[in-house]
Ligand code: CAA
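Quick heads-up: it's one chain on its own, the form predicted on its own, in structure tokens.
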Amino acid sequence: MNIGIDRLSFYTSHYYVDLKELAQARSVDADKYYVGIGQEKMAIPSPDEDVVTLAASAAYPLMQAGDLADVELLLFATESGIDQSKAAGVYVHGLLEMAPRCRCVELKQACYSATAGIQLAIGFVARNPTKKALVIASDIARYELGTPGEATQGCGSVAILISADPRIMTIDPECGYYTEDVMDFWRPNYRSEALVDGKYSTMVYIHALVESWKQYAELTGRTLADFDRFCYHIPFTKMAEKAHQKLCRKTKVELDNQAMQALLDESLRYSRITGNCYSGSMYVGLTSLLDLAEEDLAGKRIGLYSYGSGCVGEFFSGVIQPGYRAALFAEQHRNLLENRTELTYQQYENIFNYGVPTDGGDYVFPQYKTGAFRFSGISQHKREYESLVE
């Protein structure tokens, strides 16, 4: 039985900062961002947006299409959790008016957890072939103002529907995975901004990639030449390029810049203008590839590398299905990205410094541009959400 991705919907904030604006505020050359890390814009969530509203907005097109009727498992992957007990996915389940017969769990392992969710979802569908699983990756990447990680901030969510006989991509059963206890990136419960050892994290990312690939290659007998495209976890786009170059060197594959661009470029375009989406990052890349590739990718095998600091890495693959374009939301994604509102630096800083109250009092939040749902306020320690769907 073939199992894989039946639907793939992406959502990000309606607001962004052009990194030229940030470069001016930080008195650095804009090429430090545009060329050095390969980033042009970073998506900024408004004060009435969080991982729940981003997730619900990402999955809303599936609700509209009637694709959630047979979902009996909802896995919410995030490292931007809003509660130490209640899964954020339970809020999403309510906003999307999903059937009560549904398991709902939140998963965490830095940027890797959505891939763990997909592998768990495949197991669920294998046991229940007529049912579907919804994996949602939703995150807000946040670093302190003026730190090296600031320019890689972003936000977004990807809703991934897993089913038998999928319309978009079957997922191969073989995979390689690697875990090591390291401290390259982390965020203690008492902090709202992450801590990162950038150079060390880059080294660990590549080491986990090489080890994961070795396992995958041994299991399958495949080489890099067996893939038509690659999607990597994208903390910033230059990281994906650096990772693929390193993998090619390790496997003694010669690769010039033009060939690398042909393998990676389409998967990097959305991330270049939204920033890091943590658990959703690689799946933003997959969405970008499928939406933007001029070539019909049907029958092509895609290499996928997911990495979460701390660390867990996994290399796996999938085959694009005939007629996959009819199952995409490419036009909606294009309209979203083309109609965002640019923020000035001061507007960005004001939003950054807007903290969600923690005293448990009653608060009503101002309304900004959001998707179909918004974080409307807090009452007696309870988060309240509002549907904007008429």
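So that there is no doubt, residue numbering starts at 1 and follows the sequence shown. No experiment lies behind these values; they were computed from the predicted model shown.
If you look for the form predicted in complex with the ligand, you will not find it shown, but the lines that follow are about it.
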Answer among 121-129, 314-322, 100-108, 192-200 for heavy atoms within 4.5 Å of the ligand in the model of the complex: the stretch 192-200
Looking at the ligand in the model of the complex, is some heavy atom of each of Ser9, Gly66 and Tyr283 within 4.5 Å of it? no
Contact label in the model of the complex: Ala330 to the ligand, heavy atom within 4.5 Å: no
Classify Lys32 as contacting or not contacting the ligand in the model of the complex by the rule of any non-hydrogen atom within 4.5 angstroms, answering yes or no. yes
Please determine whether Gly36 contacts the ligand in the model of the complex, using a 4.5 Å cut-off between heavy atoms. yes
Looking in the model of the complex, any heavy atom of Gly81 within 4.5 Å of the ligand? no
Heavy atom within 4.5 Å of the ligand in the model of the complex, from candidates Met169, Leu209, Leu290, Met239, belongs to Met239
Only hit among Phe230, Tyr91, Trp213, Phe185 for heavy atom within 4.5 Å of the ligand in the model of the complex is Phe185
Using a 4.5 Å heavy atom cutoff, which residues in 289-309 contact the ligand in the model of the complex? It's fine if the answer is none. Tyr307, Ser309
